[in-house]
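We begin with a single chain expressed as structure tokens, specifically the form predicted alone.
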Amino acid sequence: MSLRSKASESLKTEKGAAHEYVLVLGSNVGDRRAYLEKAIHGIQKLGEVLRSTEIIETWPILIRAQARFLNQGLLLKTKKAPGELLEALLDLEKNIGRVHRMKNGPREIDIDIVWSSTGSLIEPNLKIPHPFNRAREWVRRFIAELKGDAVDPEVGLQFSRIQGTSIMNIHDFKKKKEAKEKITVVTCYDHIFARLVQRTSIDAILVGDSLGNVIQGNPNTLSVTVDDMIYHARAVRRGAPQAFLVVDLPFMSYQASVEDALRNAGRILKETGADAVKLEGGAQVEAQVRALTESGVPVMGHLGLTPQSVLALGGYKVQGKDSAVQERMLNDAKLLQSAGAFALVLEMVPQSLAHEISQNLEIPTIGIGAGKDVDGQVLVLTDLLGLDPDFTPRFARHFAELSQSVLRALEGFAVETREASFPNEKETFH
């Protein structure tokens, strides 16, 4: 029996029982507050509104060229099953005066079912919980306030733990540092994983030139080209259109001159839809960083172990162990900040040095192998997921062991194909 059939069957057996739902209301056309009030009045006829949140104003996400939204959350108790409630809410939207324009465009009123006590449901026109609950800051806040003890069935965590303000532009990085709120970044190189990352509360995606190692199988990142970065960044952007996206400038695409940096960074932003670029180095690239930021290209810096300099560094080693290097790295960090960088990656440096740099900067530091005293963390997605059982760097925790699941799935396919138990009758067309 499919998940959809199981969900429908379970809902039938529970018909007549009272269910709780978290609803999120939004309006960005006309008298926004009046539309919200009409929606609440109509929802009260469908059941009992147990609690409501304050009304907040939010920026549009996917289509930015439209007015801001007013949003509010409600906790509704009703005997209506999810499908029945959806139909009632769609009728209510129509009666209030919603005009259907472009997808994700302006709307007089929008009412989403984002959580239900009935459990998970997958239907063509209704998915509970809403796929983007965790990605949208105000939805996370509303669910935590209205039903914080509830568990998100997809990730197995209470909604009260899935918190944090979202990053929509470079200024939000500094705001999170000022609020002492840790920043979360993952590398990603393809469409399917980008779609999954976008469904989480991860703050930003980095398309790293580490794709040279992870995707291309090279011993280092030196052979990665600007065209490689553009190809992968395009795929990621299609999978995560609302994410804050940073793309690495690869080896020798910016080091030789300011002109190279401007030309290649410009290509990346124009051809991928990225929000920023990242480059490695300190004083030696100060002029490039300054020229980029003055030209309107947001720049994330990178100090410590800089993989594009792996040959000069003599391998992948911890950087900043002696006092002279520590002093130079601190000065480099200040120079990058002065040149306009909005954030700084610190890779494989002692925790004490990362702490000192973080304390001396107004912009946030994002560590990878730099301890916990930085302003955020970045991990390579394949490391985080445990997809490569043969690569286990000290700083990369496996939050899953997916290599085992992948191996079991592949071997299962091979064995059942040879045994002729795949495909079965249900998997065959007649």
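Note that residue numbering begins at 1 and tracks the sequence as displayed. Everything numeric in this text was worked out from a predicted model, so none of it was measured.
Keep in mind that the form predicted in complex with a small molecule is missing from the display, and what follows is about it.
The stretch in contact with the small molecule in the predicted bound form, judged by heavy atoms within 4.5 Å, is 378 to 386, chosen from 52 to 60, 378 to 386, 400 to 408, 27 to 35.
Taking the partner from elsewhere, every residue among 187, 206 and 278 has a non-hydrogen atom within 4.5 angstroms of the small molecule in the predicted bound form. A single residue from the set 242, 118, 210, 264 has any heavy atom within 4.5 angstroms of the small molecule in the predicted bound form; that residue is 210. Contact with the small molecule in the predicted bound form, defined as a heavy atom within 4.5 Å, holds for exactly one of 268, 345, 109, 114, namely 345. Put simply, residue 232 is far from the small molecule in the predicted bound form: not one heavy atom of it is within 4.5 Å.
When the small molecule is considered in the predicted bound form, residue 43 lies well away from it, no heavy atom lying within 4.5 Å.
For the chain shown alone, residue 302 is a contact residue for the small molecule in the predicted bound form, at least one non-hydrogen atom being within 4.5 angstroms.
Remark: residue 368 counts among the residues lining the small molecule in the predicted bound form, judged by a heavy atom distance of 4.5 Å or less.
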